[in-house]
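A lone chain, given as structure tokens: the form predicted alone.
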Amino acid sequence: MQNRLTLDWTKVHDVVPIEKELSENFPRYVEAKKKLIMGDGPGHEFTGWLQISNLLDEWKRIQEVSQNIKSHSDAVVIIGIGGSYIGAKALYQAFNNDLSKNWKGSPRLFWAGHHLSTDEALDLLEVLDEYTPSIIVISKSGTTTEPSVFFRILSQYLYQRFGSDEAKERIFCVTDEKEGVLRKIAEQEGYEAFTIPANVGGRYSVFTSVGLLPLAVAGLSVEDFIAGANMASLDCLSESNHGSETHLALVYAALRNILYSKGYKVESLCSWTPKLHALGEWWKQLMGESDGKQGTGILPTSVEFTTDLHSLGQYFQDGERILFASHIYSKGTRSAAHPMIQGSLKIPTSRNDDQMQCVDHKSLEFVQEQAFLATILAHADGKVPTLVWELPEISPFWLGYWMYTQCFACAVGGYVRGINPFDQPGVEAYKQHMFALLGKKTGGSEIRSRLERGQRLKTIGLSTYG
């Protein structure tokens, strides 16, 4: 039997009998799929990610440029925020964590432009002195505050350290094909530039140069990642795949919406390895920006088990019944430092009586599997609807397949709910106030007055120090 991604929703149905309702509602998701493919739904102008094969025009040049970067840089800073960086970071962290060495001499990746923290910025600049770095700045417009600020700081660092000519050879841009501030800067300065397709929004862009260039530089098997995403796109788009037995994305979209209608307002993505922490961050952005509209939507959260079973596990078991869990799990383990080596670690006999003889000579993988099975059962007993994404292995291919499936489910589920899963109007609210406070737009004085008037209720500690 071939390896396949599976979605087990047994422990959803056991807690909330849902099979009949899923069957009755499933035709709506098939129709939403057709609407998405035909470009008849809201936000259709941002569905360019559906066909993976249409996103690879720059792949050959990405390969060439990534080899060039590797020849002169042992570190690369990826500057971006939201979808401009988190997809690449999710894949990078999954296979090249803090405990592993860089693969085959590939540069180490650092991340900037996703915050405005002074201490983090100073720490990064200090660390870069130990490397010979380049930077990749990713922004469709070039005017997003966080990446713009860090692009100024880091490009100045390169110019001062290497001089103008060499600095220009160490700066790479991923931006709009024709318009925007960053495209203009790249043309003026002669920076190598790649394109963010106009018909692909940020949180759906990991399959474009946004994700592929950083991952190629890092030495990830990008071909496998693309192949997995492409296979998922063929499966999701297939005109013959309309059944609840085989269409993972449609079933997942339907499960989420039905549970939401029954009062389950929070979904927690539960990973079973720290290597998937950033994948949870990618998923939260995808679902949060797409789903949270018009005063409605599921709140996406993420946890890492078994670690969080000793903290949030209490809430899962005994807290308010507003939460359902989606686990991402694989029995296939590999070393991050040596991804081609299947991982196994035997637990030795203790030199002392630690009262844990039950694990003598067992593999760590076996012990984790028992913890996983016990958790699924315990949460189901606690009336937490629980579904499981089981991957054949944590590999670029299967993460590519899973990530595309999430995108498709997110889009279809949004259409069935009657929202636009491709816009993010709420994200702009803080930006407008910030731009006024910074003086980029008018109205700063009025906003400062509002802030001063708003500071009416405070509680102050008794003690002082310093």
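As the structure is a computational prediction, the values presented were derived from the model and not from experiment. Numbering starts at 1 and follows the sequence shown.
If you look for the form predicted in complex with a small molecule, you will not find it shown, but the lines that follow are about it.
For the candidate set 233, 139, 326, 208, a heavy atom within 4.5 Å of the small molecule in the predicted bound form is found for exactly one residue, namely 139. Among 228, 180, 82, 107, the residue placing a heavy atom within 4.5 Å of the small molecule in the predicted bound form is 82. Using a 4.5 angstroms threshold between heavy atoms, residue 289 counts as touching the small molecule in the predicted bound form. Residue contact check for residue 202: one or more of its heavy atoms lie within 4.5 Å of the small molecule in the predicted bound form. At the 4.5 Å threshold, heavy atoms of residue 424 reach the small molecule in the predicted bound form. In the predicted bound form, at least one heavy atom of residue 285 sits within 4.5 Å of a heavy atom of the small molecule. Only one of 240-248, 265-273, 216-224, 141-149 lies within 4.5 Å of the small molecule in the predicted bound form by heavy atoms, and it is 141-149.
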